[in-house]
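Structure 1 and structure 2 below are the same protein chain in two forms, each given by itself as structure tokens.
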Structure 1
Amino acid sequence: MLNCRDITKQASDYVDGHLSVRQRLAFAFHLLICGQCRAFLRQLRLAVGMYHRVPAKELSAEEAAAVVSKVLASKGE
């Protein structure tokens, strides 16, 4: 039977859907009886959801044009 340490070690595989059916069942059984692990997994999902929403860090159009000028100048274009 899984314990809290096992759950914590495999939490991302569970959240990302990389566990087998048997492993998911073992997880589900532990979660049924452990509110702490339910909270831990809820917070892990919350954090991953937040990372997915962090806006992509882009250059400004001017900065990008400057990089391109420098790159192409280095080969004489």
Structure 2
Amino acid sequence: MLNCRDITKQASDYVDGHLSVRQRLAFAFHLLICGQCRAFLRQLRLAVGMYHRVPAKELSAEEAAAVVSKVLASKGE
């Protein structure tokens, strides 16, 4: 039987359809009994759906360098 930790580790594969039939059944059974994992999976699906709706934008080299600089500055490096 899967536990909550197993669910969080396999959730992306479950959403993407990369689990075997046996794994999907075990996953679905756990979801039947665990409201917290159902909520986690809803949030994951929502995040994935939102990600796919955001239009892709290519960054110029200058924009990419600015992002890297900001990340490094925020980490104090």
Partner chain sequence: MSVKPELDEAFVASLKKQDHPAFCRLVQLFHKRLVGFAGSIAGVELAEDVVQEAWLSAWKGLPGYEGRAALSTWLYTIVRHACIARLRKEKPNFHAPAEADEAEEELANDGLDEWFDSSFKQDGHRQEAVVDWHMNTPEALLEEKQLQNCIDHHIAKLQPMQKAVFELRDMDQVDLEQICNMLQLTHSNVRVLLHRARLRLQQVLDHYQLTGEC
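Rigid core (definition): largest C-alpha set, two forms, superposition within 1.5 Å. Residue 1 is the first residue of structure 1, and the numbers go on in sequence order from there. Source: prediction; values computed, not measured.
In this comparison, the chain shown as structure 1 is the form predicted together with its partner chain. Core-aligned CA deviation for residue 60 between the two structures: 2 Å or greater. The Cα position of residue 20 differs by less than 2 Å between the two structures after fitting on the rigid core.
Fit the two forms on the rigid core and the C-alpha of residue 70 turns out 27.4 Å off between the two structures.
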